[in-house]
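Just one chain follows, in the form predicted alone, and it is written as structure tokens.
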Amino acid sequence: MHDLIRVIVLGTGQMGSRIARLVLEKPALVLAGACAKRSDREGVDIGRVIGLDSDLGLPVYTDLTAAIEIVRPHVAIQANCSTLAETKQPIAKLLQSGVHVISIAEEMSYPSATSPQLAEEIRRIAVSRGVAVVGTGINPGFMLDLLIIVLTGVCTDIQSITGTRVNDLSFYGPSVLKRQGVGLPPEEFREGLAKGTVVGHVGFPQSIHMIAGAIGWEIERIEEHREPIISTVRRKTPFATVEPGCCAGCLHSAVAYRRGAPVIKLIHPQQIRPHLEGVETGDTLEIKGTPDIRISGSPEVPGGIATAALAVNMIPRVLSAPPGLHSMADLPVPVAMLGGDRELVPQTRQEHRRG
């Protein structure tokens, strides 16, 4: 009989809470602990923090070292940051403790794209401790990279790739909305771009290099463009209010060049309540080649639940992966861990177990 897989979740915000609740639904998994950045959550019951009606009898930790020692997890899901600078230290600590890691930090989806030295450091630690780490998420990690890579498998040649994702930010928390400039007047949006407080989508270089690496293209340069999406109506979510004339989100695009020609274009307008102005969400993937391919669907694959699902569904893949740093293109594609499918979770390697 397989042992249950002990999972710790880093992050108790919107995404961390959603992931923790999903872990609780899986018979093969045990939510063994949670770690938060906010000091006021130290010792608070996890159930209360993630929005359950009852306590779980498990406290939230703010000290990751102590949490690892007490919880003794097999795998950690990191859901509390976006950049490599933020994520390196906790990931290194987890890996050094023999814990497999799944991160939804956007820059972890393909860290060598912007920080090859840091990626190599993470890889070495993982290999030395015999564990695996992967970055995942709906985007980057799936819609505008892994799914495109899969579609190229039916092509004999490729001239160019275009991916467009129109999504609704309404279900995201304040940190995501802030970096999209939601609620700002246009002039403050542009000031935020200059200061780096407004960044739009995080992950275009990672998605582009994941695609290019998979099909063997060498990218010369990437050009990114960001423009405010100005609302003409009032829009409101639990975390933001947009008045007419202010920014409902950011239209962010990136173009990658190979041999002087644009070969990969990714377009990602993100905003809250797009339906209020007649905008339909959706995903469209186009490949110019032999044959031409165009796949489109509306509404969008919802980012919140899809990212949580990917993080949880990647657990079997990470536990059975070779030690080291992986992208979504390196591992078998994830499948849903359905209730009762306990046999889908492989036995954790004995030498990696913690308790």
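Please read all numbers here as calculations on a predicted model, not as lab measurements. Start at 1 and count along the sequence shown; that's the residue number.
Heads up, the form predicted in complex with a further copy of the same chain isn't pictured, but that's what we're talking about next.
With a further copy of the same chain left out of view, the stretch that reaches within 4.5 Å of it through heavy atoms in the predicted bound form is, among 80 to 88, 211 to 219, 127 to 135, 187 to 195, 211 to 219.
Contact annotation for the candidate site: D40, A240 and V279 all lie away from a further copy of the same chain in the predicted bound form (no heavy atom within 4.5 Å).
Contact with a further copy of the same chain in the predicted bound form, judged by any heavy atom within 4.5 Å, is made by just one of V150, I230, L251, L118: V150. Residue contact check for A309: one or more of its heavy atoms lie within 4.5 Å of a further copy of the same chain in the predicted bound form.
A261 falls outside the set of residues with a heavy atom inside 4.5 Å of a further copy of the same chain in the predicted bound form. In the predicted bound form, a further copy of the same chain stays beyond 4.5 Å of every heavy atom belonging to A92. Within this chain, D330 lines the site of a further copy of the same chain in the predicted bound form, having a heavy atom no more than 4.5 Å away. For the partner-free chain shown, L22, K26 of 9 to 45 come within 4.5 angstroms of a further copy of the same chain in the predicted bound form, judged by any non-hydrogen atom.
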